[in-house]
Structures are given as structure tokens and as C-alpha cells.
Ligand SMILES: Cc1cc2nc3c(=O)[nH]c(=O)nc-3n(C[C@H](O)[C@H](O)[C@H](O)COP(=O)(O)OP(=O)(O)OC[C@H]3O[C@@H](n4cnc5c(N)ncnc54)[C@H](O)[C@@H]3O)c2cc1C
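Starting off, we have a lone chain in the form predicted alone, written out as C-alpha cells.
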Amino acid sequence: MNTNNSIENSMNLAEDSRQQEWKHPSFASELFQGRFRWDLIHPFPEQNYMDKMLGDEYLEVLKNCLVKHIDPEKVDREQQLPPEALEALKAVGAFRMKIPRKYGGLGLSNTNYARAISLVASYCSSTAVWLSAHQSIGVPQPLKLYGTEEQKRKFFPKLVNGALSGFALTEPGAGSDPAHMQTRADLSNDGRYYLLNGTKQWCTNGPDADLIIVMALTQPKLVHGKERKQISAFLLNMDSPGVLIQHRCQFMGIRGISNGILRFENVRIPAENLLGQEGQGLKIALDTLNSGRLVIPACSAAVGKYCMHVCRNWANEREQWGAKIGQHQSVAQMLTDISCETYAMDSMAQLTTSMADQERFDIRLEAAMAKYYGSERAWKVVDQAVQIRGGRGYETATSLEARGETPIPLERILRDIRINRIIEGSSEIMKLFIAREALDPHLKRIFPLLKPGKPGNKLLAALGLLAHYTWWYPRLWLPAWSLPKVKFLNRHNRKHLQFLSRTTRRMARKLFHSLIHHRTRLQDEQLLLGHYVDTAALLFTMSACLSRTEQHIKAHGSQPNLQQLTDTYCQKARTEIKEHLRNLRSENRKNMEQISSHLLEGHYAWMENGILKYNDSRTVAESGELSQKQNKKEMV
């Protein structure tokens, strides 16, 4: 298959799996259209009192279970979560938090579920992954969304009684682009079962799971006379004959998780275990991830809070050059960044989980932005915390404890938090996903003109396009007459709100200009689109912080410390936004592409001299073995 066909197949498969309609409003989507919909996020949503009480009670139970049954350093060191810990977590309902009460689960709200997983993540990231892989992307969530009543009555009781679940999508040759998937599920002639064959990679919980969601190719469909791949989702019992655990993977961080490579050899899946309809597999995966991603920004905020706690105590305790280190400007700057970013991550996470609970918003963009922003900023926050702690930040908690110091596990947290920039959509994939959804309203109006069709239909489409943009585009240049009528207690917030409204329209104008300039090629300008995504994510985060601060001040009166924190973060975000918008005109992209090509072609191979390459050690070892064999022959 040539490259063009491969790209076309990937795009077609992705488009078929996208949620095509926007049935509910989206604050983030409106930003890309130049509309600053303050009314969608203000007043800042507060958790329902009864729901919060329920969450508080459960978090206390969960906290006691963690402290009593799990030693995070031992989990990391021995690279496994002990069976007794798993049983203790099952006993307190930690593996049935998202299962509806109707079927015996706890039925927690998205907000309480995120609170619970972030509590666990602040203590032991490996344990958090066990829980989230089981119910954020494992069987409970997709079964709740797409399962038939018969499937729910069959499988939910198994999960309530302790069955572990996982999710199998990625393959050795198919990561973020499922168009290269090879695993197949062929329907039998009598239609009673599917025959599953293939290999899945990096299946979290897979090696120890009792039940998984597995994605596989089914019978292709014909579209305009051409075959188009279909990916379907199946509920698979892991004790089925032909299911093989080929390998258990080990990683830099989250070392206590269960993750591996699964191989399927003529595995029979009953036809009634098809989840949804044939061809809905990727749609099920994407819909599941919309809510599943919410735990990552919540966990990112929780880790930020832990770093604040550690650094506050250490900066007040440690003295260097005649003063507490927190009084030195370089350290004070890092403490400020940690505080501001943690408040931003927490505000964004709370807002987005609340939107999910209200079920009156389309959160696909908000969830993706929160995941992207939270994972990127949490990595920087932990890195700064390690820097503030110095050698003690780099030293393991076990080593610190062995020599009589407080076993603060920043070294482990740094290794663990790194995975968040990769799992459930890498940062690069998140940018592409957000950019595609942001362009959707424009593309829907333009594509009818590019597709084959009757001249009359094209004329109607062109008139509709002209009418829309004749009305829409001039409004982006108007003064901020539409600024929300909100009286802030602090004039600084008013200025930030004006900046948000003004910059939202500016970003929408520039995005439209880029679309006109690049046309259909815009989807290939990943760096350019990345600046738009980063701009929008910062606008969203600023908005969340402002709404939360204003609501807090309204409820509790003047809060100078909180206002100062908000103002500092917003000034920092404004600087970053201006930099991204400036970089839209940068010519560095051309140089980047050329240098990258030169590297791939080997023109810089001379810089690789003087090192021991990973192939060298194997070559030396093999030559050594041959030499030994030769010596033995000569001796004989």
C-alpha cells in the first residue's frame, strides 16, 4: 500500500469513528469559533452537598485501606501489587466505583470517582493505575455506555464480585493509528461466534484480568465501491481457550502495575459478546476515553498538591547561605510556579468533571485539554519539586529512610508521573485530536464544495458558506461589546476577563486565516495547529481559575492570598499565549523539517561517534562467543 492510500485509510477510519454532531454546548469549541461563553462555566460549579458527603465518607474508607494494606515503596521495589492488597481494595468497593448501584456497584459520580483515584495516586500511582485501567477504560465504563441489558446483567455481577478487567487496543504495529490493526474477529458461518486471532500490546491489567474489552477487525464495509475497515469491540473472558499471556512488561515508573502482551489463537467469542454494533469499536473507545481521561488531570492536580506540601515544609526547614531556602529568589520562583500550576490544574479538573456530571455539555474537547494540560504541567511541577529538594529529591525514599530521614518519594513520583504524557492519548495525539475537533465547524461548511456532486447542490453550499462568513467574520473584529457583565471584587480579574474575550476572537481570526492559506493542507501543519491548541488550553485554564476565584470570593468574602495566586497565574498564562500567537508566523518550521530529514538520512551520523551504541554491545558479545567457540575447537 502506498503512503497516500495509507494516510487516506487512516483518515477515513478516524472520521468514521468521530462523534459527528455537537448535541450539547462546549466552552472549548466556542473558543475556537471566537465566542467567549463565560455563561457556560460561571458560576463555577460546586459539588452537590449530598454527593460531597458521600464522597468524603468513601474517601475516608479508601484512605484507611491504602495505609493499612499498601506500602508504595514495596510495590515499586517488588514490581507488583500484593494479592492481599487487591483483595482489600475489592472489599471496600474500589473496583466497582463506576458500576451503577442498580447492578451492585457504588455508582459514584464522575467528581467523586476522580477524587478517589487522585487520592490513591497521591499515595501510590501503581495502585491508581490498577483501579483506573479497570474502570476508566476497562469493562465497566463501555459496558455502561454501550452494553445491552442482557450484557449488563451478565457481566456487571462478575465485576461486582471481584473480576478484574482491562482494555486491549494497541498492537505492536498499531499504536495511535488503528488503521494498521491486524487482530481479526471473523464471524462463523452459522453466526454463533467470532474467531479471534492476533496480538495486543501494553494491555494494562491484561495479564491478571478476568474480563477485557478487545478491539478487532471485522468484515469490511463498502463505501462508494471501496472496502473500508471496520473495528469492533468485544467482551472477552480471559479464561477462554487460546488466550495466551506472551510477556509481562516492565517500565521506568508505575512499576507495580500488571501490563503485558496478549496473544489470541483461534479464540471463540460468543456473538452476543459483541459490544455495540460491528464497526463501532473506535467510537466506543473514544467515548469511553472522554470520561476516562478525566482522572489524569485530577491525579496531576493531586500530585501538584503533594509537591506543594513537601516543598513548603522543606523550604521552611532547610537553610543555606544564612537563610531559609524559600527566601532565595530562585527557589521562590519555583515555589510560585508549583502553587500557580497546581491551582490551575485543580480548577480545570474540577470544572471538567463537574461538566461530565451535569450531562448537559459536550466535553470531548474539555477532557482532552484537561488531560493534555494536566499531564504536561504536572511533569514540570514534580521536576521543580525534585530540584528544590536537591539530592534528597533524587534519592529514593527507601534510601532516605534507611539513613534516618523522612522517606519522601519524589524520585518515585517523578518516574511515575512521566507516563501521563503518553497514556490514553499522548500529548502529540491530544493536540491533533483537539485541532481536528476545533476545525470541525469550518470543515463541515467547506467539504461539500470539495466533494463530487451536482452543481446546484454546490451552489447552495457556496451561498450558505458566504452567508455564514459574511456574518461571522466581521464580528471577530468588533470591540469587546459582548464582554460578560460580571462585577469582580478585584479590577485585575476584570482585565483578565477582557483579555480572554479579546484573545478568543483574535485566535479565531488567525485560525480562519490559516485555514484559507493552507486549505486542506492545514491538517499537516502540526506545529502550527499546536500553537492554536496551546493557546486555547491556556484560555480554558485561565477561565476556570477566574470563575473559581470569583465564586470563592463571592461565597467567602475578600481573599487576598487567593486573588494574588490567580493574578500571578493569569499573568503567566497571558505571556505564554502571546508567545504562541507570535510563533504562528515563525519560519522555524521549515528549518525543523530540513534538519529532521537530514538526521533521518544520516547526514549527522558523524556526531554519533565516540559512544557505545546499543548495537555495538550485541556485536561485541556475539564476536566474543564465536571466539570462545573457536578456541575450544582449537584446544580439541
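So that there is no doubt, residue numbering starts at 1 and follows the sequence shown. As the structure is a prediction and not an experimental result, all values here were calculated from the model.
Another form, the form predicted in complex with the named molecule, is not on view; read the next lines as being about it.
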Report summary line: From L414, L515, I419, L465: within 4.5 Å of the named molecule in the model of the complex by heavy atoms is I419
Query raised in the report: Among I257, A301, L236, V120, which has any heavy atom within 4.5 Å of the named molecule in the model of the complex?
Result: I257
Query raised in the report: Going by a heavy atom distance of 4.5 Å, is T503 a contact of the named molecule in the model of the complex?
Result: no
Query raised in the report: Just to confirm, Q526 within 4.5 Å of the named molecule in the model of the complex by heavy atoms?
Result: yes
Query raised in the report: Is Y372 one of the residues lying within 4.5 Å of the named molecule in the model of the complex, judged by heavy atom distances?
Result: no
Query raised in the report: Quick one: does T204 come within 4.5 Å of the named molecule in the model of the complex, counting heavy atoms only?
Result: yes
Query raised in the report: Among 166-174, 269-277, 441-449, 86-94, which stretch sits within 4.5 Å of the named molecule in the model of the complex, heavy atoms only?
Result: 166-174
Report summary line: Contact check, 120-159 vs the named molecule in the model of the complex, heavy atom within 4.5 Å, ordered by sequence, gives I137
